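The chain that follows stands alone, in the form predicted on its own, written as structure tokens.
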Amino acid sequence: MDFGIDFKDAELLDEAFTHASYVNEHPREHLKYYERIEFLGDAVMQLCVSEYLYRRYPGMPEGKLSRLRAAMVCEDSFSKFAKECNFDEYIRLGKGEEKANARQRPALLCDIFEAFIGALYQDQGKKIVESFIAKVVFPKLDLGWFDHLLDHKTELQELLQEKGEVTITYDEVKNLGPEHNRMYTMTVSADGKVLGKGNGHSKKEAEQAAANVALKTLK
């Protein structure tokens, strides 16, 4: 994946992708490894994600914002982002860690992603970091990675009622399959106009899916 980023200080990038085991095997090169710059990257990600969620979900209470942020800035998410960016290919490891297949370890991939963010922040500033994570991280909200933490119905209601009262209805279109594995299709309408259609294994799940489709259409 090419992000069109050219580091002014290549040593920062090297530091972000260098493991302590590699440094220990190359003592004469006086190298730095990623842990300090990872510390910075973690703080930068917390801030950028917090600001984005605060703007995107103006009606979401603090508790839900905190849970959503925690899901986005956790080891599991960061390791997946790192793999998607092919960061695992560039990690400099010592021979022992290489044999142990450390470059596929989620904890290390998470650390490397944070270290890259820290390096990018130091090299080019917060706006470039925001541009990068707008391509890599934020789209996952629309792809449904964190839907289990979101209430699309409430968000849609708040959006539609910004300019006054609107009658919002959810209607079942069809349901298919056996009772133990039934798939429901629901539509959501505002003042009689259909805005979205969604599927789910329960009516509530299908309603949330329909609301999410409507939100994407309206935005």
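Only the largest set of C-alpha atoms that superpose within 1.5 Å between the two forms is called the rigid core. These numbers come from a predicted model, not from an experiment. From 1 onward, residues are counted along the sequence shown.
Absent from the display: the form predicted in complex with a further copy of the same chain. The rest refers to it.
> In terms of non-hydrogen atoms within 4.5 angstroms, which of the given stretches 186-194, 22-30, 55-63, 170-178 touches a further copy of the same chain in the model of the complex?
Replying inline: It is the stretch 55-63.
> Has each of 147, 204 and 212 got a heavy atom lying within 4.5 angstroms of a further copy of the same chain in the model of the complex?
Replying inline: None of them does, since no heavy atom lies within 4.5 Å of the partner.
>> So in the model of the complex, is a further copy of the same chain close enough to residue 44 to count as touching (4.5 Å, heavy atoms)?
In response: Yes, residue 44 sits close enough to a further copy of the same chain in the model of the complex that at least one of its heavy atoms falls within 4.5 Å.
>> Is it the case that residue 166, even though its partner is missing from this view, gets within 4.5 Å of a further copy of the same chain in the model of the complex, heavy atoms only?
In response: Because no heavy atom of residue 166 falls inside 4.5 Å of a further copy of the same chain in the model of the complex, the answer is no.
> Should residue 157 be classed as touching a further copy of the same chain in the model of the complex when contacts are defined as heavy atoms within 4.5 Å?
Replying inline: Flag for residue 157 set to no.
>> Would you classify residue 50 as touching a further copy of the same chain in the model of the complex, given a 4.5 Å non-hydrogen atom cut-off?
In response: Within the cut-off, so yes.
> Which listed residue (105, 140, 126, 135) meets the criterion of a heavy atom within 4.5 Å of a further copy of the same chain in the model of the complex?
Replying inline: Of 105, 140, 126, 135, the residue with a heavy atom within 4.5 Å of a further copy of the same chain in the model of the complex is 126.
> What residues, if any, in 99-131 have a non-hydrogen atom within 4.5 angstroms of a further copy of the same chain in the model of the complex?
Replying inline: Sequence-ordered list: 121, 122, 126.
> Taking the rigid core as reference, does the Cα of residue 35 move 2 Å or more between the shown form and the other one?
Replying inline: No, shifts by less than 2 Å.
>> Would residue 162 count as moving between the shown form and the other one, using a Cα shift of 2 angstroms or more after superposing the core as the test?
In response: The answer is yes; the displacement is at least 2 Å.
> Hey, the CA atoms of residue 162 and residue 52 end up closer or farther in the model of the complex than in the shown form, with the change being 3 Å or more?
Replying inline: Result: farther.
> With a C-alpha distance change of 3 Å or more, do residue 54 and residue 158 lie closer or farther in the model of the complex?
Replying inline: Distance between the C-alphas of residue 54 and residue 158: longer in the model of the complex, by 3 Å or more.
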